[in-house]
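This document contains two forms of one protein chain, each encoded as structure tokens and listed individually as structure 1 and structure 2.
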Structure 1
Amino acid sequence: MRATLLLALIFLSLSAQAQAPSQGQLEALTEKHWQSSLGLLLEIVSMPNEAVYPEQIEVNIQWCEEQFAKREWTAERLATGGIPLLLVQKNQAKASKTILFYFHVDGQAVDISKWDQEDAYVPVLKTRSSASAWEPMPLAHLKTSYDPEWRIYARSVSDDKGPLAMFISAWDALTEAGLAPDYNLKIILDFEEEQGSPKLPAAVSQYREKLSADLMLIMDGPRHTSNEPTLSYGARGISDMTLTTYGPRVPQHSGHYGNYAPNPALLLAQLLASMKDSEGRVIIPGFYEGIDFSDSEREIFSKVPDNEPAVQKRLGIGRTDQVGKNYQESINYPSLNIRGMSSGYTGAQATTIIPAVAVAELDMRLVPESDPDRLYRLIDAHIASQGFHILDHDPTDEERLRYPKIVKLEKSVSYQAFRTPIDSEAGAWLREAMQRALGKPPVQIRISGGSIPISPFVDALEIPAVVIPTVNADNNQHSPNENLRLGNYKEGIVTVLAILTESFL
């Protein structure tokens, strides 16, 4: 009771003096609330949320509406022609500025046979045993005990429901303390991010006025691998391609037609191999055009505390591609990646055939300097230079006879890259808040390697955007055994509290 009274007096004094809470005060406020807020986290991750099942997503949308309504936020579904976006808002008296937060609430698919628990939507608390294995323990321990290394295992607990729970928990703590931001708040909740947010770009343009803001903050993705506080000032965009090559109309006996009927798998392998050298660099002329780093930008790369030998050991790789001089430089280039290939059969299903087709799916990660339409034109020209006739459909019998080498090329752009200058006002404002929250400057990433659908907001609203990652880097997002470290959950609440109490006048 005495501690609670002291905490109340501290924040009453802060409110009266319009001072931002210190690190110690933020930690005290978090300490009072974080354990009770875990119920919110366990509840949100217990709801299945695959965007391919609209009935699952509807449950999640309704949950979000109810949670924000309890806190007297307004909520509005933004129709997209598919699964809606949800916009929630909280205006502050006399505020002239607005910050727009982004979270996504959908999650990746689950193959429970690969998980070390019975149900990915029934959260499990685990601790590392002496044998370095993760062992389950009763959730009841969360009510009375704390170890920052304990982890909660569940689908979407880190990507991206955990950060949403951090935000709501921080808001509850702030409200109870009688504090409030000096700016208006908007939150856009995306329920199709893991499906590439196909409706989002058009929706952002359509609802530009409703979404208007002065700054966008994205709470998604992991911290730097050191698990130090992190700010990321951009993210690569993403586009994809599917290449299909053709052999005989139907698979043929490799004894009867080997050495005679061209093999589409070999054709595809030769085509793909022609796009990169042995060091992993794209050799299509002009692919890296426009990418040039200044001394100050290289200094930014060098300040990121990457332990590359440890990363290579964790990945089990004895060499790296030589696109950049180091990891940070490499992710500031566009990439061309083969994400999957198929042709014929292998293993127990193997048959001695010449396949009829071979298929490769590729993705391109984009940086602001790389226009995907220009890159596609370069790729088209390169494929043609290798003697292939490009189609957008399966070949007709006439086309099969006319063109000796055929490739069907399908392509699409999900969204482009964005990047905010590190020395911007937004960057300075966030660094101040995070220094106050955690007592140390954040690791600053110029652009992250992964992709999030933020460029439509940056372009349509003409605002800067910065990513505030909070979850542990080894969280297994998109994979079996996704998890959230308790220390990261707690520090995430402290971080949100610091941002909500940083003056934005």
Structure 2
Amino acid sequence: MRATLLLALIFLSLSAQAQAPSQGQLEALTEKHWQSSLGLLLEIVSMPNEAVYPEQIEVNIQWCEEQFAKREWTAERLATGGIPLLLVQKNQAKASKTILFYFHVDGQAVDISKWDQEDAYVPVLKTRSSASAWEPMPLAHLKTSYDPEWRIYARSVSDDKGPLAMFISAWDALTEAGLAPDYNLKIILDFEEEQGSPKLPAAVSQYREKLSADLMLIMDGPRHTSNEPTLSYGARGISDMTLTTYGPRVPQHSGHYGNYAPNPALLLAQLLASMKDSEGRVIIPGFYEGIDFSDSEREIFSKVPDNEPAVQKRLGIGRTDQVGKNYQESINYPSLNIRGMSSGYTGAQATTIIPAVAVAELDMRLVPESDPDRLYRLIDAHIASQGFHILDHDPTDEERLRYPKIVKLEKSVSYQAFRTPIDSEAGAWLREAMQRALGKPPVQIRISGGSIPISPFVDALEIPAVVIPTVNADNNQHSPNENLRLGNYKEGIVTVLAILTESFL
């Protein structure tokens, strides 16, 4: 058989030359382990893993401990005061450097009524039957056939158990070939990521020595929407803000007091409108300060194969905010987004009142230039310049009468942004591995729009961090019918193999 012959050649060539394996060799290694890789994937997604149920998570933690133990890694639970983190390690003789991988093992909640299968933890194999329809097939087909377009449907299969299965499969393929990386490996497993990793920042600080490494690689999130191999050098941070404005103490009849009692929804609308121009740009002075792009950075943006007309058509938008000149540039700025707004009642519940309060929920996505404390100071000053008195509590009767315009402002910073320079050593090293794995240079994302809890590591360990997304962008992450394209799973294993065989001395 062709594969067997090829493998024999690989072993010969690898042991003889101690050179990094070629794309063909990596593919052959992956092929050899394909059946056991699929078994691992189906096994890992069959464990329910919603972190609001610690008993579910315990099963997942023990599975990870067993899997790494039988591969002769050490494993240690890092106590956090809540659900622990799991640190697994494998040192190499004579290695001096260490790479720290990050995965999370918990998953989003499941509303099974919205899934097209009976159980989100019983994986289903599907093939496309029309442009928008998918048809289930017996899992047994995987034993004899392969189509990269087939998909496995299960909760967490893409986010983020699939990437962990890629890693373990690649490790097995590597060791069976008698190979090993020339650096030490640590993996931090997060079991509470979908809950915002509330204990993680403090734990990273507490365990910084145990976690110490030279480079951090995050295997989470989808590839670029083109499904081309992707490297993402950072992610925006995230912080929240709640604004509450006040009208009469209790809702009042809009006939008796319309034109007399100030309307809190109008106050809120005026305040929000004062923050941005008609093109969606923040007009609070200093908000975008420090953000500037070199020609080479602009070139990186332009090389990302975004099909903006297609995106706009899919979103149903006839224009875009004009924060940056294109999509990539836009997400390199901090955002100020109204994620929710409410006052009184709308629809069938609407009633003729002047509401008592109006509330806006905002989120700010952060970039490294935008220290959230600085942004909050700018926002405070802006709100004050609009004539509002800022409180951190609902106004007392006395404050209501003393201040003509009051806003309650509640703030929280979840975590900050991180961004590793594209022209860093880490970047060059990864590009080399990716090129070898997949035969072409990766799409390079300077910073991703979404947020992942990586800045605590970057800040505490003082190391560069890069995200290696592997799963298909249309994986329905966080939604019903989460899935993983088989071609992405296979290429993910090849990618990990390339990284594990890339020299890091």
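Please note that residue numbering is based on structure 1, beginning with 1 at the start of its sequence. Source: prediction; values computed, not measured. Rigid core: the largest C-alpha set superposing within 1.5 Å between the two forms.
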Between structures 1 and 2, the form predicted on its own is number 1
Large Cα shift (2 Å or above) at P248 between the two structures, core-fitted:
yes
Exceeds or equals 2 Å, Cα of L366 between the two structures, core fit
no
Would G340 count as moving between the two structures, using a Cα shift of 2 angstroms or more after superposing the core as the test?
yes
In Å, the rigid core superposition gives a C-alpha shift for L271 between the two structures of 3.5
Cα of G387, core superposed, displaced between the two structures by (Å) 4.3
